[in-house]
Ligand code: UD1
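In the block that follows, a single chain appears as structure tokens, in the form predicted on its own.
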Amino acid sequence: MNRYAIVLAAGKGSRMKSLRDDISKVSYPILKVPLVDYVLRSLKPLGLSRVITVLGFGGETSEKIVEGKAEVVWQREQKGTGHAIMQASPLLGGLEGSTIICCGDTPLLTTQTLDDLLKKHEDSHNDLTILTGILDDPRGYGRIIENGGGRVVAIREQKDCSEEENGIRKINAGVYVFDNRLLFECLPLLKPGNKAKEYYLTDLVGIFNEKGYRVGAMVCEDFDETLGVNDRVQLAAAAKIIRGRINRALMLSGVSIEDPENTYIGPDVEIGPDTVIAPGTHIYGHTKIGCGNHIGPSTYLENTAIGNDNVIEFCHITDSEVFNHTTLGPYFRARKGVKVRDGAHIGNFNEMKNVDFGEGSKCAHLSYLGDSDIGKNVNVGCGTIVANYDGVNKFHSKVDDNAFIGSGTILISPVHMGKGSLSAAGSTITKDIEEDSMGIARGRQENKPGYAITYHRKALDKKGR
């Protein structure tokens, strides 16, 4: 049987209280991944023939997120959930199969629950199956009204409930599986007979019952999965749950996370066994970390590849690669294109951008290296600067194996230091230094006896005026 999905992602999300018109509610991120992307990820393993996302407010932002993951239809006017589904009619209308409908602001839904719901629908030969939850306090939720045989006859909003119905604890979780052909046959029967003048998808429960179609329900064991994100408080609550899931899975796979409550790891991150993650660490994007590393505390990694047996603390590293047996930090920042090779040591207060830093090389402290290749066993002295930008263009420099860069050296790119070469401390190097040669570029020192006394007297006289 064919399976389809429709993700409702057209809402404005006014309770987010954003001042921006280009942000859709479903584009708000958790661990740098948009809400709607979590929903699409949970749907992907289900073997769906087509996935349709209904976009509306801020849709240009959402469209970029779902590109390549779902087909897009637009709800140009916000006329309710039933109206949103109508927009998918040109793509799905008349097709045989089952269609699962869920909201793009429910990032906690799991593949297992959605698969169970589809199987329940198909095995029970239902025409509509509703995901439900059982709450001790159901206030604010639509109640599931069932007959004696377990068939759902209505979803009753709280304001419309009788006193007896108010005591019902089974509520609508907002996820549905429909017989696709019947769904699109019955959608035109919806009427905007409510104060908001909107077409409600839940009204199809009554229509299906009137036509004698079979409507059933499945209870979601973990109701947290169905929680939607409508404001920033709920966004933070959902983020905490997702973070807990990710950290728990990593710890069960052999990763030590010293303080899970203060560790933030995205869903695409891979970490090998025996790696220790210290508190305050943030790891995002497609970061891949090998075995036996010690990451953190207070380290930021994004789209970074890290080998085995490294120590990285108080660092900020993005779009970079770190190989094996290295020590990085504290307070090291690596930006796009950095590669730190085996056995390298980069100490405190260093920054690199687009640098290939060689095997066994050292950059102990207080240096900036931009757009350069640093060979093996190179010593980068304190206060070194590779000046790569002239205000218009970026230039590249190269330092060969076993070179020694003296403290306070400025390399004005593009320059090449040959193998075994040396730059004298305090030099501003603008020309290549040949192999085994020393480059020195600084003014000759001149001392003026007694001038310090004269200088200080002048300073005091000036201050006393």
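Since the model is a prediction, treat every value here as computed from it, not as a measurement. One rule holds for the numbers: they count along the sequence shown, beginning at 1. So that the term is clear: the rigid core is the largest set of C-alpha atoms that superpose within 1.5 Å between two forms.
Separately, the form predicted together with this ligand exists; it is not shown, and the next lines address it.
The contact with this ligand in the predicted complex, taken as any heavy atom within 4.5 Å, belongs to Y176 out of Y176, F332, F208, F184. Interface residue among N379, Q78, S89, T318 relative to this ligand in the predicted complex, by the heavy atom within 4.5 Å criterion: Q78. Using a 4.5 angstroms limit between non-hydrogen atoms, Y200 touches this ligand in the predicted complex.
At the 4.5 Å threshold, heavy atoms of S98 stay clear of this ligand in the predicted complex, well away from it. At least one heavy atom of Y141 is located within 4.5 Å of this ligand in the predicted complex. This ligand in the predicted complex is not approached by L250, whose heavy atoms all lie more than 4.5 angstroms from it. Stretch 152 to 160 is the contacting one of 272 to 280, 357 to 365, 152 to 160, 300 to 308, since its residues have non-hydrogen atoms within 4.5 Å of this ligand in the predicted complex. Contacts of stretch 1 to 39 with this ligand in the predicted complex, defined by any heavy atom lying within 4.5 Å, are made by L8, A9, A10, G11, R15, K25, V26, listed in sequence order. Once the rigid core is overlaid between this form and the one not shown, K339 does not reach a Cα shift of 2 Å, moving by less than that. Once both forms are fitted on their rigid core, the CA atom of D123 lies less than 2 Å apart between this form and the one not shown. In the core-superposed comparison between this form and the one not shown, the C-alpha atom of K394 has shifted by less than 2 angstroms.
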